[in-house]
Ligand code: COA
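Single chain ahead, written as structure tokens, the form predicted alone.
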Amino acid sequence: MSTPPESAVLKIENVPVEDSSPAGGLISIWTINRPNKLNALNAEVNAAIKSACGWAEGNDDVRVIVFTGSPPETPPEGKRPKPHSFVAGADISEFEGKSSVEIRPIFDDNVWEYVWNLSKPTIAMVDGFALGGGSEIALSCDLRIATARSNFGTPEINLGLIPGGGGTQRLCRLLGYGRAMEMVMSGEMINGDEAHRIGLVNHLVEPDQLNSKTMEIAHNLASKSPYTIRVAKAAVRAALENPFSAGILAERDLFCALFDTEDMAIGVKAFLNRDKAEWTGA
């Protein structure tokens, strides 16, 4: 297993998956670590996530990736603690004074597309604020697990901007035109209950259950054939990229191609024999 890239602003913890097949499977937990800035994205965080994406994509042991934010630090005596935050947005100080010519290269090679383009399952483990670029990190993941005290929003409109990390497109596909339009144009936050009700969040839990619920789901995904689960992700994504009829054909092509894989033969035989499948990843 290669060593994950080190960074002060992105902590990476690899949790072994017991009895994984192929052996050596890992759930990789990536914690954005700027608690004094509510884990806001800046150039250093973006570079660290991009580097980590390259490492994970090339590492067969990594089966699932979980994104989260550092909890608030204990405040000095007499000071109020900072609120919990997944990612409170982009570091707006990096926007000041920039022109369209200067900002364009940053967004042409942006962190959200690196996360979105990962072939492995991704989960956003959200506790607290997921705003602006932070909501777009969550939207770039495949699944979102959140606490009841979480808040989601796209407040860019209040800065004279719109979401620039895919938020307008992913919200519309996930929630529909009306909900997406309201979030983007109003800039208002929605709480965890509402996010779960409208389908922005897959599961809503109490804060003390967040890690256990997320890891339960991650372990479930990590127990599948790593090759087949990448194909499954590609098939579902085809629904976003294609008209319906083309998506059906894409699914059919992927389904049929799996009949030439070792893991399909292993899975069918294990099912018929009522055994546990021992995947090869091929």
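All figures in this text were calculated on a predicted structure; none of them were measured in a lab. In this text, residue numbers run from 1 along the sequence as written.
Beyond what is shown, the protein has a form predicted together with the ligand; the following relates to that form.
Screening 62 to 70, 46 to 54, 30 to 38, 218 to 226 for residues having heavy atoms within 4.5 Å of the ligand in the predicted complex returns a single hit, 30 to 38. Among heavy atoms of K98, none comes within 4.5 Å of the ligand in the predicted complex. Remark: D127 does not count among the residues lining the ligand in the predicted complex, judged by a heavy atom distance of 4.5 Å or less.
Remark: A88 counts among the residues lining the ligand in the predicted complex, judged by a heavy atom distance of 4.5 Å or less. At a distance threshold of 4.5 angstroms between non-hydrogen atoms, L131 is in contact with the ligand in the predicted complex. Proximity to the ligand in the predicted complex holds for all of R80, I92 and L159, with the criterion being a heavy atom within 4.5 Å. Proximity to the ligand in the predicted complex, defined as a heavy atom within 4.5 Å, holds among A180, L118, L200, M189 only for M189. Residues of 191 to 227 placing a heavy atom within 4.5 Å of the ligand in the predicted complex: none.
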